[in-house]
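Read the single chain below, which is given as structure tokens and is the form predicted alone.
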């Protein structure tokens, strides 16, 4: 088996050459300018670098409706989360126009407009999140979106500066790296939290069966109470420095918003890792979930609906620390009652830090916990 083929058949690149980029920069004053957020700029870069292959831009209404109704692109390629550009003002903009998307006044890309439309927010929320409850952070975000959506092809002019350049790899980079390492099978691990012992158990169990592991923390907007980006990265650096072999592990970030869309987002996460070249994808309990909006194993079960997704899911249903076994175990390996089990609760781990305490070593490596505790404010406010 070779490094996995990109989703939809080929790795997309919408990054302009230096010559074309410089020429376009000379012309940007002729185009209408649309200011975008840093989060939207991340999506632009992900389209440009092929993270979202086979997409070449923002979706049109027809494409959005197909994804909402069928969880597939118009080409019948599996796809579950619409990729949208929302704006508040469209005066003077028409289909066929080319506009500039700018971050902090710096041109990031041009968009050739193919569609201008509005979003049925109730339908979007129900289809993507399975609820219209505004207590769901994804639903709440939908209701703050701009009134109008623009669909069309992107041409990326420049990349914004990053604080995490040393751990920023795009699909072309990882595919070269995996081949250099001689990896044919690669398992990806999606995370938006610092690693506890349960994460490490899952990662190393999966690594036993493949050539290498791609640990890919998600960097970007998160809900209040989540760990901050730099905390997550510092924690993983501390773990991997001592407890992983360098020759079979890679740490790289993924700049992308969290949608908290549970099952649909699990598919979305798998597709992006497929584009990085991964052949397997770890799906844990309540993947991309929030609160009690999803069944704990819904994100694992949805993969049965996509036999053609082209990446193998590795579901992990239960794991815990057993005080009798004195090790991490699961319900297939441990004969002891639940009274001997210590569950890996993110809420419990966060509570320890909020109360100024280091979590016990049955939950988290001390080296990791100390790095987290060294941050004056480890949580998103």
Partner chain sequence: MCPKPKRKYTTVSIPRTLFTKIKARIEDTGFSSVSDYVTYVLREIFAEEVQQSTEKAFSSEDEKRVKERLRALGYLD
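Positions refer to the first chain, counted from 1. A quick note: this is a predicted structure, and the numbers were derived from the prediction, not measured.
As for the form predicted in complex with the partner chain, it is not shown, yet the points below apply to it.
**Student:** Scan 296, 160, 130, 310 and let me know which has any heavy atom within 4.5 Å of the partner chain in the predicted complex.
**Tutor:** After the contact test, the surviving option is 310.
**Student:** Quick one: of 83, 290, 177, 140, which gets a non-hydrogen atom within 4.5 angstroms of the partner chain in the predicted complex?
**Tutor:** By the 4.5 Å criterion, the partner-contacting residue is 177.
**Student:** What stretch, of 86-94, 244-252, 152-160, 99-107, brings heavy atoms to within 4.5 Å of the partner chain in the predicted complex?
**Tutor:** Going by heavy atoms within 4.5 Å, the stretch is 244-252.
**Student:** I'd like to know whether residue 32 contacts the partner chain in the predicted complex, with contact meaning heavy atoms within 4.5 angstroms.
**Tutor:** No, residue 32 stays farther than 4.5 Å from the partner chain in the predicted complex.
**Student:** Could you confirm whether residue 11 comes within 4.5 Å of the partner chain in the predicted complex, counting heavy atoms only?
**Tutor:** Residue 11: contacts the partner chain in the predicted complex.
**Student:** Give a yes or no for residue 173: in the predicted complex, does one of its heavy atoms lie within 4.5 Å of a heavy atom belonging to the partner chain?
**Tutor:** Yes, contact at 4.5 Å.
**Student:** Taking the partner chain as it sits in the predicted complex, is residue 318 in contact with it (heavy atom to heavy atom, 4.5 Å or less)?
**Tutor:** Residue 318: no, not in contact with the partner chain in the predicted complex.
**Student:** The partner chain in the predicted complex: within 4.5 Å of a heavy atom of each of 135, 208 and 355?
**Tutor:** No, none of the three is in contact.
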